[in-house]
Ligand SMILES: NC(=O)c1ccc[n+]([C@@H]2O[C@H](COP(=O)([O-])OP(=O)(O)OC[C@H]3O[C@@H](n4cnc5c(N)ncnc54)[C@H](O)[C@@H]3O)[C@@H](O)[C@H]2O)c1
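Only one chain comes next, encoded as structure tokens, the form predicted on its own.
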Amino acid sequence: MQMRIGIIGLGYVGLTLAITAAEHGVDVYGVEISEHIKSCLRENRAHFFEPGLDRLIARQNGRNFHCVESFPQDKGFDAFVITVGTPLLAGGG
């Protein structure tokens, strides 16, 4: 049985984790709210530069990697990972 994970946030950490996991046979569903990031993924590219990542996105998009608005209710997940940005407070807190 194929492992399935959900990732919340497809920024620098979430997207590289998602695509790497997909490359290793994990079924990955990534939830993202940024229209810019979703637009880039529809074009099989990352919204930042990481050598080789665009090629992997193109290979996994719709295969083991799925960018979705919300997690499908009809699928079971083995794990969820939250990779949303954490803003720092004024003064470094």
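Note that this is a predicted model, so its numbers are computed, not measured. Numbers for residues come from their place in the sequence shown, where the first is 1.
There is another form of this protein, the form predicted together with the named molecule, and it is not shown here; the text below is about that form.
In the predicted complex, does every one of Q2, Y29 and G76 come within 4.5 Å of the named molecule, counting any heavy atom?
No, the whole trio is out of contact, none within 4.5 Å by any heavy atom.
Counting only non-hydrogen atoms and a 4.5 angstroms cut-off, does I37 reach the named molecule in the predicted complex?
It does: once the named molecule is placed as it appears in the predicted complex, I37 has a heavy atom within 4.5 Å of it.
Is there a heavy atom of T20 no more than 4.5 Å from a heavy atom of the named molecule in the predicted complex?
So T20 does not count as contacting the named molecule.
G85: heavy atom within 4.5 Å of the named molecule in the predicted complex?
Yes.
Is V81 close enough to the named molecule in the predicted complex to count, meaning some heavy atom within 4.5 Å?
V81: no contact with the named molecule in the predicted complex.
Pull the contact list for 6-43: residues with a heavy atom within 4.5 Å of the named molecule in the predicted complex, in sequence order.
I8, G9, L10, G11, Y12, V13, G14, V31, E32, I33, S34, I37 sit within 4.5 Å of the partner.
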